[in-house]
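Only one chain is given next, in C-alpha cells, and it is the form predicted on its own.
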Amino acid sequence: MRALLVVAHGSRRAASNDEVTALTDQLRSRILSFAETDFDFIHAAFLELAKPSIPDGIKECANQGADEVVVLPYFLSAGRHVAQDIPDIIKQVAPDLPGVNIIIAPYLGTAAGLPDLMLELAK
C-alpha cells in the first residue's frame, strides 16, 4: 500500500493548522474518487508546533499498512526545513520501520503549474 503524507511547518495559530488538515481532506476525497490514484490513503503531519509530528504521521501510515510513504513538503522554497530538517527526521524514523520505503517528494514550490496559479490568484 502507498500513502501520501503532506508535511507542513505547523503553527501556534490553530486556524493555520486547520487549513492544512482541510487541504488534506480535499486531497483525500479526490484520491477516493479516482480509481487511478497512486495512493491508498493520505494524512497530514507537521514539522513543529502542531500534531501529529512527522514521525507520528509516518508511523500512522505504516500502522495502516503502508509499505511506501511519500512525504510531500508543503513548503514554497527549499529553506532549512526542506533541505535539512525533514530529511534528518526521516533518517531518524526509517530504522524503526524497516519494511517501509519513505520517499521525499519535491516540495510544493517546485510545481510547474505554480506560476500560472499565482497569476490566476492575482487577477
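Worth saying up front: this structure is predicted, and the values here are computed from it rather than measured. Heads up: residue numbers just count along the shown sequence, starting at 1.
One more form of this protein exists, namely the form predicted together with another copy of the chain; it is left out here, but the text below deals with it.
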Original post:
another copy of the chain isn't shown here, but in the predicted complex, which of 59-67, 75-83, 46-54, 88-96 has heavy atoms within 4.5 Å of it?
Top reply: 75-83
Original post:
Using 4.5 Å between non-hydrogen atoms, is Ala112 touching another copy of the chain in the predicted complex?
Top reply: yes
Original post:
Would Ser16 count as a contact of another copy of the chain in the predicted complex, using a 4.5 angstroms cut-off between non-hydrogen atoms?
Top reply: yes
Subject >> 4.5 Å heavy atom contact, Phe39 and another copy of the chain in the predicted complex >> reply: yes
Original post:
Can you name the residues of 1-26 that have a heavy atom within 4.5 Å of another copy of the chain in the predicted complex?
Top reply: Arg2, Leu4, Val6, Arg13, Ser16, Glu19, Leu23, Gln26
